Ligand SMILES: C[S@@+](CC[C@H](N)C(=O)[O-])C[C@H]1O[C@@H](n2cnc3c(N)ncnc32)[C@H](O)[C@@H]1O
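Next comes just one chain, in structure tokens: the form predicted alone.
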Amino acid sequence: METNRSIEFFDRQFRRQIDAREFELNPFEQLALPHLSGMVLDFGSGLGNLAIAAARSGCSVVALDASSTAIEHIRDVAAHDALPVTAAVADLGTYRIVDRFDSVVSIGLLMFLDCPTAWRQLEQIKDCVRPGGVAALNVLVAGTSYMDMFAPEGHCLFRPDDVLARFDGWQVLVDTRQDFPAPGGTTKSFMTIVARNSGCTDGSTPPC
């Protein structure tokens, strides 16, 4: 499950962003947004900037996050602006996705789970994407040296080749690697992938 240390870290960050009215999409959300359509699941929505932007562009969004601060903010914005967003607090390490979606996005979440849990939830994300739909994923990868937000027992730094292997048979639309400077001369190394489910509508494998 997500560790209390990680949740507390982001609760503080979200409160600061709300107070400062910092609601801009981050670079990973900007990459994902043009690919989202239809029914969208934002799995680890954070403050909801992407969920709200997707709703404003015509999507219907389910936003899930472990931060009650973030979910309360999303609900307030959705109610004020009459946006089609449903937001709920959830333990995303144990959450079971029961519906299927046209687009599923998980930006900056899975690295806060232990590796077996992170891989299991990634498979869930893929399984709930309808044929022709897209999954958009952003994770920290090996090479990251800024670790202050992690609890030692609960995180996973991915190998990019391992992530790509999980999308074998999908059409990869975006595959980017980006490094960002972090406090103390450290680095955050990210991978962002957007992939289309090339499966058949009847559940069989291509060619359909």
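Residue numbers run from 1 along the displayed sequence. Given the structure is predicted, the values throughout are model-derived calculations rather than measurements.
Note that the form predicted together with this ligand isn't included here; everything after this is about it.
Of the residues S37, T176, N26, Q171, just one reaches this ligand in the predicted bound form with a heavy atom at 4.5 Å or closer; this is N26. Contact check for F101: every heavy atom lies farther than 4.5 Å from this ligand in the predicted bound form. Among heavy atoms of G108, some come within 4.5 Å of this ligand in the predicted bound form. For I125, no non-hydrogen atom is located within 4.5 Å of this ligand in the predicted bound form, even though that partner is not displayed.
Using a 4.5 angstroms threshold between heavy atoms, G93 counts as touching this ligand in the predicted bound form. Shown alone, this chain has one stretch from 39-47, 176-184, 159-167, 53-61 that lies within 4.5 Å of this ligand in the predicted bound form by heavy atoms: 39-47. For the three residues I7, A66 and L113, a heavy atom within 4.5 Å of this ligand turns up in the predicted bound form in every case.
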